[in-house]
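Take a look at this one chain, the form predicted alone, written out in structure tokens.
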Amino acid sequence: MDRLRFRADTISAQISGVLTAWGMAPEQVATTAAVMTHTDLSGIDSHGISMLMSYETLRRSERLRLDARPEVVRRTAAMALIDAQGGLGHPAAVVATDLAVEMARAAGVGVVSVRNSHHFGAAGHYAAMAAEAGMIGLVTTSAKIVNVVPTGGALPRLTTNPIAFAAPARHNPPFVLDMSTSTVASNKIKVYDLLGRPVPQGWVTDEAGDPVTDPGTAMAYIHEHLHGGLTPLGGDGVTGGHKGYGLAVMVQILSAALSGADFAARRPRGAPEDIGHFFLALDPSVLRPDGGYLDDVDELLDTLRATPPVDAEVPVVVAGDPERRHREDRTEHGVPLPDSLLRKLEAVCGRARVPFLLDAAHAQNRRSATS
């Protein structure tokens, strides 16, 4: 499928225009647009500009405060709690990451919890921020849609509960792991639906536990039906799904129980979301002042990449490599957006009464093969 490609600054301008029209303050717009655009550049198409439709739905239902400003409500030398005031999670997450890094520089470790938030994009973005600052970063978040079935359960009880981990090296780019604790993130299903592609078997199951591969039907099972949904990471118990289930519970405890955010499965239908985030920054130089930590991570990453591949055309990579290659390609050639998404975004812009910038006249390349 061919898709129009757009420069990062065009995508950022489109996001900024919509958020500004919705009433978000300029500094919050700049932060949110930067995170969303970087996410699209990284090839994480499910968490960038395609989220505007979901944000619009939240706004129109009056469950999202666009004028919210994150507030630090409790702080010690190494821990803090931030109230996102019901706003989008991107500004609160950037504040939390910066604060965790600041505390880690002073105390060796910084822990920041966020409550009363909404979707904050890709968790790996914030873990990578910590790594770029020389820290080891760990980020987790709860989510709003209850669509993951516990191993052996008949009803969904958990959300996709992502976890991200990033670690700096001396010569290598940071190692950046970003993953949902379900077999796949629910927004990945959205991408398959937008592209009209069959969903891989094992990602979504119906009320009988059978796989669902039609993308429209899969979307219904994770957003509308009471039974069925996403499988935990690993699938069923035989293939290790109990491990993904356990990780999801761990993330729920760190993200929501620790911050005081809600447990989505008990939230009344239609009630405002109260999503929680968790940010941990560790300064490795406290334990390894000689810098040996950086050398050891370099050796580990180099050894893994040097592993003989099964297919000579497909080299072994480590977490963070695919996203970095996407950034290199998309910075030069533009971010590809499918026509189905462009039509939805044009409608969002029309309702917000802002110019639609993502048309053929503004495309970096008129048409480009899917990447």
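The first residue of the sequence shown is number 1, and the count goes up from there. Only a predicted model underlies this, so the values are computations on that prediction, with no experimental measurement involved. Only the largest set of C-alpha atoms that superpose within 1.5 Å between the two forms is called the rigid core.
Although not depicted, the form predicted together with a further copy of the same chain is the subject of the following passage.
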Of these, I189, A131, I275, V111, which has a heavy atom no more than 4.5 Å from a further copy of the same chain in the predicted complex? V111
a further copy of the same chain: the contacting residue among G86, P215, G246, P173 in the predicted complex [heavy atom, 4.5 Å]: G246
Considering only heavy atoms, tell me if L158 and a further copy of the same chain come within 4.5 Å of each other in the predicted complex. yes
Please check if E207 has a heavy atom lying within 4.5 Å of any heavy atom of a further copy of the same chain in the predicted complex. yes
Does a further copy of the same chain get within 4.5 angstroms of any non-hydrogen atom of A257 in the predicted complex? yes
May I ask you to check whether L233 falls inside a 4.5 Å heavy atom distance of a further copy of the same chain in the predicted complex? yes
Go through 89-97, 217-225, 102-110, 123-131 and give me the stretch that gets within 4.5 Å of a further copy of the same chain in the predicted complex, heavy atoms only. 102-110
Within 152-181, which residues have a heavy atom closer than or equal to 4.5 Å from a further copy of the same chain in the predicted complex? G152, G153, A154, L155, R157, L158, F165, A167, F175, L177, M179, S180
By the 2 angstroms cut-off, has the C-alpha of Y221 moved between this form and the one not shown once the rigid core is superposed? yes
Take the rigid core as the frame of reference and indicate whether the C-alpha of F278 shifts by 2 Å or more between this form and the one not shown. no
